[in-house]
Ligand SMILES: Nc1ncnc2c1ncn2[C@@H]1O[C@H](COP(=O)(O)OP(=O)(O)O)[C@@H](O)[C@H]1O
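For reference, the chain that follows is the form predicted alone, supplied as structure tokens.
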């Protein structure tokens, strides 16, 4: 469980990136954090594994303050996939890259090999195990960074803009990874500008504006027409399905089947 109490983070240049956030994430939740650039999303999640420390307030991971724990200890609890994979990748071979994290957590031999193989298979990179990561395209390097965290088996996985650079197949693969993590009882937190991905993949959506949480609820609640004005202030547009669903009286998170059926009926 993750508990955030009165979190404030001020950067050395005086920028107040987080301005009093209170948030609780239960074990096994799927939660997306959305908002415009500069709203504090990435700053917030970097407190979860100790890459940033609070100016004031506290972050508790399973009841223990993250401020009192080393980054290495937090890495066993919270795995963070960076927005830019090139800030995360360093090894000369894909297999070595994915094995680095679990090896540091103590895995060896067959257990380590299995962890690496499963992670690569999950992101569709099993055939790339012996390649140099920088011979891969950007979208595959994103998936490689994801695999390197999956292999560690952390109870919480944080994804920063996971669908950037991905085609439809890549997005669907990431959705499958999120579903598998959820089925395994692991917590998934994603920062994303992809509202369709958010609405289809996550059970809870948190909206941030100017370092504060302004909306928090299910996708149906957050993307409801009553919140469109508040979303516009954060430069977030509801998914197209939400806007069409509202016009057709299907609610803010209609299924594809419901949309097609309503459009066919309307055309008829």
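Residue numbers count along the first chain shown, from 1. Owing to the predicted nature of the structure, the values given are computational and were not obtained by experimental measurement.
Form predicted in complex with the named molecule: not shown, discussed below.
The chain is drawn here without the named molecule; in the predicted complex, the stretch among 64-72, 225-233, 23-31, 37-45 whose residues come within 4.5 Å of it by any heavy atom is 37-45. Under a 4.5 angstroms non-hydrogen atom cutoff, the named molecule in the predicted complex lacks residue 248 among its neighbouring residues.
Residues 13, 15, 17 of 13-30 are found to place at least one heavy atom within 4.5 Å of the named molecule in the predicted complex.
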